[in-house]
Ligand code: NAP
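In the block that follows, a single chain appears as structure tokens, in the form predicted alone.
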């Protein structure tokens, strides 16, 4: 069945996700801040819109994939935001990674207009977005989740309804903590190997077959060895995600020492002008601190 779908935010992640919805046969209305980002979707048969409001006026369900909490706020509550165009019975699905608290505020504003909201952040990077193999963590009501599930299945493989509004964002924050601390560990291990005169590629190969093996060691470890820091997920976005974690931990009185350490190393990447690199570039901070910079 063809559905009328909107998609806002057509960057590294959003563009392939929207294309996968179009490939699934759905009618698509799109909006991006730059006309160039909409071009590949228009070429695929989507209709471009001048504002989020226009997207909402045409679509029964609207997906959002933008960078940060203020961006989502502008898309939903801004002067030409979704809240001014959504119809009762429609739904908004935010696949960005943002504050759980803000998510609940946005859900309440949309509910006042008769629209459902889901927070559905993703993990899997650009490759997962292209291949429709993303992990999707969903917060919101069960009926809205059931309605959106067929569209999630066009974009991802591991789809979990975690709980009520904000629960998807909490799960994504947990994901970003595990990923960040593991990248840190791999960075330290490979630097340790190299400073001891041992081939870090051979060390990685040995570790991959044991209990230390992980997707991070496989993918990001290879990036570190190859010095390939082209962004699958930019360091500045990982910094933003850990800020969400640290801010929430501060409010709750939680100790997050590992996440706090990696947040500082991501801050250092930003300070050295490397924020546009993949977050695997954390290894560059460890190398500089250790006198082992390549």
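The model shown is predicted, which means the values in this text are computed figures rather than measured ones. Numbering follows the first chain given and starts at 1.
The same protein also has a form predicted together with the named molecule, omitted here; what follows describes it.
Residue 97 belongs to the set of residues with a heavy atom inside 4.5 Å of the named molecule in the predicted bound form. Under a 4.5 angstroms non-hydrogen atom cutoff, the named molecule in the predicted bound form has residue 75 among its neighbouring residues. At the 4.5 Å threshold, heavy atoms of residue 33 reach the named molecule in the predicted bound form.
Taking non-hydrogen atoms only, residue 275 never approaches the named molecule to within 4.5 angstroms in the predicted bound form. Note that among 255-263, 22-30, 226-234, 55-63, the stretch whose heavy atoms approach the named molecule to within 4.5 Å in the predicted bound form is 226-234. Of the candidates 177, 190, 110, 122, 122 is the one whose heavy atoms come within 4.5 Å of the named molecule in the predicted bound form; the others do not.
Not one of 131, 153 and 156 is positioned with any heavy atom within 4.5 Å of the named molecule in the predicted bound form. Residue 172 is the only member of 171-205 with a non-hydrogen atom no more than 4.5 angstroms from the named molecule in the predicted bound form.
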